[in-house]
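To begin, one chain is listed below as structure tokens, in the form predicted alone.
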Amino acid sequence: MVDKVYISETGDYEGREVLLEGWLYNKRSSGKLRFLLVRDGTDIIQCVVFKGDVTEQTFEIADKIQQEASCRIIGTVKKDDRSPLGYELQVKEMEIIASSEDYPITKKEHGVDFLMDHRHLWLRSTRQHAILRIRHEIIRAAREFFDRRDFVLIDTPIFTPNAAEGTTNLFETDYFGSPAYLTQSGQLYGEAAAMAFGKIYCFGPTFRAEKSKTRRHLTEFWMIEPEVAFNDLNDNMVLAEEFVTHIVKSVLKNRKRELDKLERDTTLLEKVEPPFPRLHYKKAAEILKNCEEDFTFGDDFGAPHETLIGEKYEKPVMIHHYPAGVKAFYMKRDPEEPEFALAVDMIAPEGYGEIIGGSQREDDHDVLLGRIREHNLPEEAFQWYLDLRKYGSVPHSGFGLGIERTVSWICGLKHVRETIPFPRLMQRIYP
């Protein structure tokens, strides 16, 4: 009986005969030899077909098999130090499960639009494998970080009756005759859960109907959002820097091979260690002024401003105390400088911009009610949220980390479209 194994397991079967099932990634020929690179999702292995070792039928299959045809191969595992895997397969038998005529993605250069139209097939490339395995590691490490600290995972709703930050960039839908919105954030519900469990996190898709075409924006993306009762702004910043450090170190430790595939220079990633630089908004605005950047004090920072500030540091930098007028209604204001909100954004180095946004939340019922009215938000939709300030309110804070921007930064990508299996952009909803 031949053992059926995954390619990633072949090292455990050196010298033994195994059965592999996968797809042809690439091939080359040399006289009586056919070298087949076969992938099965776990890894890629070179399968060597020597004409003298197999039947004419098997050699003919190896000669004619097409790129991305699915196949079943029996062979002996041999050690090969030249292989990235460390092993190759000496083929004895082979059959094609299904052919793959005229596979559209070939060795030649393809444009971005073509590749995006064929995203369902582009995912099979080694580059995309590397990126999405790093994404997997980032998510695994993020969950590990909070699980180790006894945070409770809370699943928050996708349909919401109200907005977390105003309704200007929401996707509206009909909910049995009433308007509902695709969530911008699980934060408001996370606050309710934090009042029940003390420290929680939510993780899920979020949606922004921003008409933005920058390399940092998607209309659908994933956020992981912790919320902690009794935490102030400083506690929040400490948690954020420890969180990001854990993620980066996990990727460096567990995904070196993928980073090498992407030719990622990890010099700066290796320097990610607390404490991170912290800048008051005033100081950040001064940096822009000294650089003669076009910026008006009191405005929020745009992508060029974040890039300019972030490139001055080797680690992520945290900018805090933003003008209250440019931040959300739920953010608490500094009692000593009420024109500033107790907010923080984490800016990644190397020009990758904001990866975390967070704040200490307003915990006073009357003040929060006043903010809701100032922003002309529907009070009835926020009654449950106001209840949190009526029944045992406490100082609390939290933040959201965008998975795709984090993947983009750690992988060193030029655009977020490669950071998620099926990106949703302003002008793309296919495939």
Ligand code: 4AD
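This structure is a prediction, so every number in the text was calculated from the model and none was measured. Residue positions are given as counts along the sequence shown, with the first one as 1.
Just so you know, the form predicted together with the named molecule exists too; it's not on screen, but the next bit is about it.
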Fill in: Stretch in contact, per heavy atom within 4.5 angstroms of the named molecule in the predicted bound form, of 316-324, 183-191, 86-94, 242-250
183-191
Practice prompt. Find the only residue in F145, W122, F221, F329 having a heavy atom within 4.5 Å of the named molecule in the predicted bound form.
Written response: F221
Worksheet item: Exactly one of E337, E350, E354, D235 has a non-hydrogen atom within 4.5 Å of the named molecule in the predicted bound form; which residue is it?
Response: E354
Discussion item. So, E225 and the named molecule: in the predicted bound form, are they within 4.5 Å at any heavy atom pair?
Written reply: yes
Worksheet item: Is F382 one of the residues lying within 4.5 Å of the named molecule in the predicted bound form, judged by heavy atom distances?
Response: no
Discussion item. Can you work out whether R361 and the named molecule are in contact in the predicted bound form, taking contact to mean some heavy atom pair no more than 4.5 Å apart?
Written reply: yes
Discussion item. If we define contact as a non-hydrogen atom of the residue within 4.5 angstroms of the partner, is F59 a contact of the named molecule in the predicted bound form?
Written reply: no
